[in-house]
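Consider the single chain below, provided in structure tokens and representing the form predicted alone.
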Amino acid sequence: MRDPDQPDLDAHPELRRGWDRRQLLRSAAAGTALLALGGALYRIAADDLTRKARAEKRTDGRARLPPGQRVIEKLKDMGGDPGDGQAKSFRLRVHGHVKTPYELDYAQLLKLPQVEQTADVHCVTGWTVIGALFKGVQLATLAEKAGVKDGVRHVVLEAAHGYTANAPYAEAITPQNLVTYRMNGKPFALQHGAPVRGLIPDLYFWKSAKWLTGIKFVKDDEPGYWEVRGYHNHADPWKEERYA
């Protein structure tokens, strides 16, 4: 249908350039309005998820959503120097103060006992993703296979380019902590740690090292990349242990 405001461009071709420009500006304005509407709807949905999460309790009695956090629907890209992201070149070294150090490739990792479980993850920058389904191998399984020796008090997750993140051993071997390669049924994207990353959901998410290369069991604490740069050594979200 012809726009009633459109001039007779056949009779007045000199008006075409101005008319085309007017239509372009109209389209741009409409697109901007749609983007603004989409952004507003996204914020409303996120705020609704946040309110619901704040009203819920965990089985341990703590609030489901730690203080200072806001729920979003998917992981944000938080940067970092990635590994190559290829399952065929993946190697995981399990070592340290253990009786039987070993190394796994991707196929060998998948042959170990597997678990699937939901978890919430909390970034120190203030966002949280709730109810994500992760698949992988429990850190406790890797520890048992290595034969952890007496005196181990800490675990160090090692990743591409020398990145490390530390965690207390007693916390790291609880059931929710994984070496994981699937989230919500899909492999991780490269920016989120492909092919394999750590998962320690009850600590801030930087502890869940991406592009995993090793698990080291140690007697003495070894603060990791962010911990020696001013971030908290423990990183409990419910205590807001963000910075040292």
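Quick caveat: nothing in here was measured; it's all calculated off a predicted structure. Numbering starts at 1 and follows the sequence shown.
There is another form of the same protein, the form predicted in complex with a small molecule; it is not shown, and what comes next is about it.
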item: Proximity of R197 to the small molecule in the predicted bound form, heavy atoms at 4.5 Å; value: yes
item: Interface membership of D77, the small molecule in the predicted bound form, 4.5 Å heavy atom rule; value: yes
item: Heavy atom of I130 within 4.5 Å of the small molecule in the predicted bound form; value: no
item: 4.5 angstroms heavy atom contact with the small molecule in the predicted bound form for T180; value: no
item: The small molecule in the predicted bound form reached by all of Y169, I173 and K216, non-hydrogen atom within 4.5 Å; value: no
item: Per-stretch contact check against the small molecule in the predicted bound form, the hit in 85 to 93, 137 to 145, 109 to 117, 158 to 166 (non-hydrogen atom, 4.5 angstroms); value: 158 to 166
